[in-house]
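Before any questions on binding or motion, here is one chain by itself as structure tokens, the form predicted alone.
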Amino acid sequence: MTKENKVSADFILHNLDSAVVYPNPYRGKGTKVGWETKELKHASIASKNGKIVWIGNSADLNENVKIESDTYFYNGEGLLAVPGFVDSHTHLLYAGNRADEFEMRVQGKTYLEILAAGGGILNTTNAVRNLSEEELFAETSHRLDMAMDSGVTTIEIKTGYGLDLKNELKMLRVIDMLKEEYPLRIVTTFMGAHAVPADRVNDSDSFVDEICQEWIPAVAETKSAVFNDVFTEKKAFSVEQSRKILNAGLKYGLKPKIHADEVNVLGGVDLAVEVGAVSADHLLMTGDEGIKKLVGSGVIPTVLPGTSTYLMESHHAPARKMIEAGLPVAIASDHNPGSCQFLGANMIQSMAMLQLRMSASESLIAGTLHAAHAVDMGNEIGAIEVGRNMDIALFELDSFKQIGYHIGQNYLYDLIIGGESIYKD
């Protein structure tokens, strides 16, 4: 290659033991899903202005990459590079804890019994309402640090514990504060339709109208949220109510997401396909008909193995059937105070393998590339590929298969986000 044909780089991750690439990555609706991984040995990765410009054998670097006087070399000797993990479904912003509920559940108490004892989402709502923005920021920062320490470079955070406009907007401001403070990519989802407040249970339709007519316009005006999510379940919002909420969001530029088929099959998957939702999440009870409806729809099925494990469910989302049907299955943590305290990409990798019977390759792709599609960033992040953002998790491991194998253990060495080292620079 001539000097003129070389690519220019300002950051080079050099002499890695191996880097994991995806030979046939899913590229969105209408394209084939590929579950193959390839470990490139003795690899180097070069980036310019935060974008990957070259990947190849370290011995070929000088022939292909123009080295400037200020090009930063990062020694990757002994390290494994995988795409930065994307946690595409979290309720990371909350206050307090519900450890008492966890103990009650382990002892056999039902959801309704826990609710009658003052538990549930409304418990967390009260805690959120009683804390200042600064206090909420401090609590959430601790959890965000833990997520990053596991290899997460992009994370979605939902509102939904305010349950009135004042406190939902407060949660949005706290997420904006986190965006200012942290180097990882934070994607904001408005989820005012998380639950019906106790004083509105007998008049839920008027609460839905309030969300559509007052809350969503106010949220859109802040320009903070990208997505609009709704909990479609018997204990929350009906399909018709959910349709109104998601369509109201679309009117104001908020992309739809949906919590569907977690407890009951009401038609949440049908609605996701109808409104063109970016993702349909949970899908614990989704059957063969729901899977057929998702095929070819472009809706990313996001399954949450940590939640079904934490709730001690008798079964888990049908990930294997979804994969066999050709669906781009994503996995995420669903970290929240009540139904899933698992946090960390490495733990969710293990859960996907143990509970969903996914292979190491399937779990890795589901937690990176497909999860990136679940936040509508599937062509920007989620894979080590020329043209994508240089978002990489570096592990002191011999193979990516060891990430899920070492359950509850963390071998993260560093994060590279946008071509910059986060921990070791």
Ligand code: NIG
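All residue numbers are counted from 1 along the displayed sequence. If you're wondering where the values come from, they're calculated on a predicted model, not measured in any experiment.
The same protein has a further form, the form predicted in complex with the named molecule, not shown here; the description that follows concerns it.
- Remark: of stretches 213-221, 171-179, 68-76, 255-263, the one touching the named molecule in the model of the complex is 255-263 (heavy atom within 4.5 Å).
- Relative to the named molecule in the model of the complex, residues Ile121, Tyr161 and Phe231 are all within 4.5 Å by at least one heavy atom.
- A heavy atom within 4.5 Å of the named molecule in the model of the complex is found for exactly one of Gly344, Gly338, Gly306, Pro318: Gly338.
- In the model of the complex, the named molecule lies within 4.5 Å of some heavy atom of Tyr111.
- Proximity of Arg185 to the named molecule in the model of the complex falls outside the 4.5 Å heavy atom cutoff.
- Taking non-hydrogen atoms only, Asp334 approaches the named molecule to within 4.5 angstroms in the model of the complex.
- Interface residues of 77-98, taken as those with a heavy atom within 4.5 Å of the named molecule in the model of the complex (partner not displayed): His89, His91, Arg98, in sequence order.
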